[in-house]
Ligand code: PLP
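Below you will find one chain, with nothing else, as structure tokens; this is the form predicted on its own, and questions on how it binds or moves follow later.
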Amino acid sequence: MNTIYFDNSASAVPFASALGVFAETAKIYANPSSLHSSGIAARKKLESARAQVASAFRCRPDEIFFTSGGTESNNTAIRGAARKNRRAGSVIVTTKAEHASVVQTVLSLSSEGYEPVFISARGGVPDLAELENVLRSRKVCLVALMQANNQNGAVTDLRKVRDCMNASGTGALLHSDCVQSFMKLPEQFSGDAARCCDTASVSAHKIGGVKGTGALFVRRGLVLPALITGGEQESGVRAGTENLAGICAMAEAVSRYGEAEREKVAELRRYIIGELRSELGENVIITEPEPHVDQLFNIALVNVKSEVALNYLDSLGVCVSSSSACSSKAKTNTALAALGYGAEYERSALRIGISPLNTKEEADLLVSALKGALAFKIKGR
């Protein structure tokens, strides 16, 4: 049975060329920090990859630091920025719609005297009026808001967030989890993270790279205390020998994820949603926030529990998810609840993640499987 994979927001199918680069670079066994010729050659590849990622992020190469992924990048940025900016205040502003690596990290800082303040994010977009009120009334050291929501793809306009922060006169820093937005944004938002944020996190395996690699943007001039210590790699921001193969594969994925790939994803999204509305009618609720990234969207099969639908789809070889993979084992999906869709929707929610490697034929099989799942409606409803 062939797998029909539409869980690309949890982990995307890697590009064949990225896997090829990974395999080839893995043969380079020299440490990029070594001073002999093999080490220097490894260092050149590392810096070339850094320049590629920085170009896509629209920042300077010396503002990109490689990590093990989005979770480490979020931890490094939030802990580091809060501690670095403690003199500005002890309040950290975020939302409960954020990824667990943001919410749990912010909560953990309570033991150090920081105070989490959660503003609302109905529909996946933070309430800027609430943000402004907190910034004007409290001493805030950090604001942490994701650029694209990982449940429904809603895009937060970081320029408006920065304008709000500037108008308040706050000394707070701004961090953004850009894991779901990197390489996937509508053109009008491209480059906003580098222009507006002090720190931002991205991950390779969401864009066709391999797992275990990510990057952290840190605005030039801001020096963060390291989360992982024990070496001077990555300019002291992240100790440990760099994962050269994963980093080079990430750079290759960045080079592959261009406008043609984004347009293919957008076309597939339009097709799938159109077919769902045609084939399932009132039996499906589709959330389409504006603006959004095209690579993911959220639906609910009316009166069909998410777990039941997932098990049925899996029996057909069709892969989707009911939530962020990092929250999939939680009893309640607090991030989805924060979007304000209600308990009935949450109980039936499914997340569709599209890759440029998906096909129209796979989309037809997805729609057919979702239609078949309607046979498992809760009795009496």
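When you see a residue number, it is the position in the sequence shown, counting from 1. In this text the structure is predicted, and so the values were computed from the model without any measurement.
The form predicted together with the named molecule exists for this protein as well; it is not shown, and the discussion that follows is about that form.
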Requested in this report: Verify the contact flag for residue 353: yes if a non-hydrogen atom of it lies within 4.5 Å of a non-hydrogen atom of the named molecule in the predicted complex, no if not.
Outcome: no
**Report entry** Distance check, residue 101 to the named molecule in the predicted complex, heavy atom within 4.5 Å
**Finding:** yes
Report task. Give a yes/no on whether residue 146 approaches the named molecule to within 4.5 Å in the predicted complex, heavy atoms considered. Result -> yes
Report task. Flag residue 32 as yes or no: does it have a non-hydrogen atom within 4.5 angstroms of any non-hydrogen atom of the named molecule in the predicted complex? Result -> no
Report task. Name the stretch, out of 240-248, 71-79, 253-261, 283-291, where some heavy atom lies within 4.5 Å of the named molecule in the predicted complex. Result -> 71-79
**Report entry** Among the candidates 94, 298, 180, 199, the residue which, in the predicted complex, approaches the named molecule to within 4.5 Å (heavy atoms)
**Finding:** 180
Query raised in the report: Using a 4.5 Å cut-off on heavy atoms, what residues in 192-231 are near the named molecule in the predicted complex?
Result: 203, 205, 206
